[in-house]
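Just one chain follows, in the form predicted alone, and it is written as structure tokens.
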């Protein structure tokens, strides 16, 4: 079968090659891959900056934002033949640490976890893969290709859970949220904010185009200037850019008792000057909390599945705005101005069981 592979940390090593059928040791559920979303992590791996091959192997199969259809599964399990499914990315470490032992592998404490398509475990960008039932999530069949958005939605589902847990340290009745960044993660974070009945504001650099249109179609308010110009201090900030200057501005423009959740990963190597004392004073005197959030466990994937099932299909389709056939996978890396989520397609038949 065909698979998109790379030699981690080797620039220009990506290749679509023939690989062996997935081993039965990966699990009893056999899935045919329909589509895989491309994100910044994939681009970093392809550039040679990131990634780890499976032990004893040179190449890693890419892909962690998956959508597939079950070809075979054990009777009585959570998924059946014909179901549309998404594979969970992270696996608990084999020790396991205290968190992995209770299936909270997104908080792995010793770093020995693996991640499909990223760290020591082949990903989903192959024609077929195998998986164990506890790491596969059934998708509403009416979503079709839009089910490929489930993995990134799981990331923001966790972020919102973190916000609620931290906000709950006192009386917590937020009404406003600022999402910084209008990429896929930011737009999905905004979607979950709208579903919660909040007044949602989204800030990004673009003054016009697909992203501002998507924000407004969602019923949120779009801003293209600096954080300080939005005119109010939100109860919640979901930070999705990883840009240091934006993060610092958000920390000083959040409401009393507010919560800032950082989901964007900074590249490092950039220094900016800021008044550390003023930042400390504002955060301490106003009980501001900042939390970092990455990855997701099964609970968050399940929350994401519910959120996507309830979302407007026409709006979601605006996020998946470019599809590239597997044989032309390199085109997915050529970022275009209005790209939101680019998807590599392995099969254009997205029918699934009801």
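Numbering follows the first chain given and starts at 1. The shown structure was predicted, so the numbers you read here are calculated from the model rather than taken from an experiment.
If you look for the form predicted together with ligand BGC, you will not find it shown, but the lines that follow are about it.
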Contact with ligand BGC in the predicted complex, heavy atom within 4.5 Å, among 151, 204, 235, 122 goes to 151
Going by heavy atom distances of 4.5 angstroms or less, which of 254, 155, 131, 85 would be at the interface with ligand BGC in the predicted complex?
155
Please determine, with the chain shown alone, which of 303-311, 27-35, 290-298, 316-324 has non-hydrogen atoms within 4.5 Å of ligand BGC in the predicted complex.
290-298
Against ligand BGC in the predicted complex, would residue 199 count as a contact residue? Criterion: heavy atoms within 4.5 Å.
no
Would you classify residue 69 as touching ligand BGC in the predicted complex, given a 4.5 Å non-hydrogen atom cut-off?
no
Close approach of residue 93 to ligand BGC in the predicted complex, 4.5 Å, heavy atom
no
Any non-hydrogen atom of residue 250 within 4.5 angstroms of ligand BGC in the predicted complex
no
Within 4.5 Å of ligand BGC in the predicted complex - does that hold for a heavy atom of every one of 180, 211 and 222?
no
Given a 4.5 Å distance limit between heavy atoms, list every residue of 96-135 close to ligand BGC in the predicted complex, or none if there are none.
115, 118
